[in-house]
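Next up is one chain by itself, shown in structure tokens, the form predicted on its own.
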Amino acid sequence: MIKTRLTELLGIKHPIIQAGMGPFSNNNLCVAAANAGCLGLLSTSGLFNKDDQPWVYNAFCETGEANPDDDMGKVLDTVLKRTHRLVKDKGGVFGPNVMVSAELKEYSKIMIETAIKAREENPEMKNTLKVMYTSAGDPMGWGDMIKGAGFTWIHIIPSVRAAMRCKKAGVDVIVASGHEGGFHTHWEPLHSMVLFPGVVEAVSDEKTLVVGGGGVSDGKTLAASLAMGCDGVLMGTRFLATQESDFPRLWKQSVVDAQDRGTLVARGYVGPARWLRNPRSEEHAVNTLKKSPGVFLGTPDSYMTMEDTSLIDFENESIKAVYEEDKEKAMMAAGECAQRINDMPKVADMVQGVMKEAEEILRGVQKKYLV
């Protein structure tokens, strides 16, 4: 068995975090991941899209056994309590993934306050709802609220500079997210092999843990991440293509079917995004080059300031098509590791396979190379 500082800190069996995957529902996936001994994360940003993307919002409510007519705080409260009920007997650990970008600050506060209140009303949830995971924004200013409520705070970043800001903010676990990752990726293409050791060297100490994400999908990549000094890994695409995953059937099967060079980068909701390669995403990449060239130049722009909203409309139509199983118009996000995923197992079986392979590799490296 592999033990790390992450497993000790959170009380989980394996040093694996199942990615938040917002804005799409992963309510059942989170339960399966937590019960398999990993840290499960709940997506929450789909709650912001009740009117703009009802197919995403309704799927979140349906899989979370929530009333879609309730306000977002009540919906999340229902999902949090459902998750606790389904993981507590197996000692599962989970938390919500909350986007904290400036334009979402009002919503972010509701999400965090809802989780705090849920634990206050049901102290038993402190044994399962242990983590607050924040993303897509500046961590400064959130520490008192999150850590003051007793959560372990995890934040995801794309660079050493951003990791240093997390350190200053008091984040407990910093996730270094390489450019190989799926969907929301970064303006500057810094990849995991460079990013992981860079962040470890910059911030890892007795108070700050580092987790590596981006391209991690099996025991080989888990072992490599640990060898670079990480305390654990974040996996998204590998969890997406599992039997318990809430993602639409077309999306999951497309990950399994992905081949060599099976992804590309084009515009996404909050910046660059990695998509599975198909004629639809190739068209989107061409349009991105014309209308949002900063995606390829590392120059941030914003949908909020664009006069031409056709990229947004194209993306919304493409995501809706996935839920309608319209292959011609569908566009699915995934990480580069999709080309290495060839099956759709149960979560528990997948996790056991990853851990077994990683253990064998770590033992083998010692025997083969240390004399």
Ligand SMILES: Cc1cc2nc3c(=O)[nH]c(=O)nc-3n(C[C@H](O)[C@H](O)[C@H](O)COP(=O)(O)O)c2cc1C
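Residue indices: 1-based, along the sequence shown. Not measured: the values here are computed from a predicted model.
Quick note: we don't show the form predicted together with the named molecule, though the next part is all about it.
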query	finding
Any non-hydrogen atom of I156 within 4.5 angstroms of the named molecule in the model of the complex	yes
In the model of the complex, G182 touching the named molecule (heavy atom, 4.5 Å)	yes
Contact test in the model of the complex: V171 vs the named molecule, heavy atoms, 4.5 Å	no
The named molecule contact at N97 in the model of the complex, heavy atom, 4.5 Å	yes
Stretch from 77-85, 123-131, 296-304, 182-190 whose residues place a heavy atom within 4.5 Å of the named molecule in the model of the complex	182-190
Answer option from P139, G215, G268, P248, heavy atom within 4.5 Å of the named molecule in the model of the complex	G215
All of T7, F151 and V211 within 4.5 Å of the named molecule in the model of the complex, heavy atom check	no
Residues within stretch 39-70 having a non-hydrogen atom within 4.5 Å of the named molecule in the model of the complex	S45
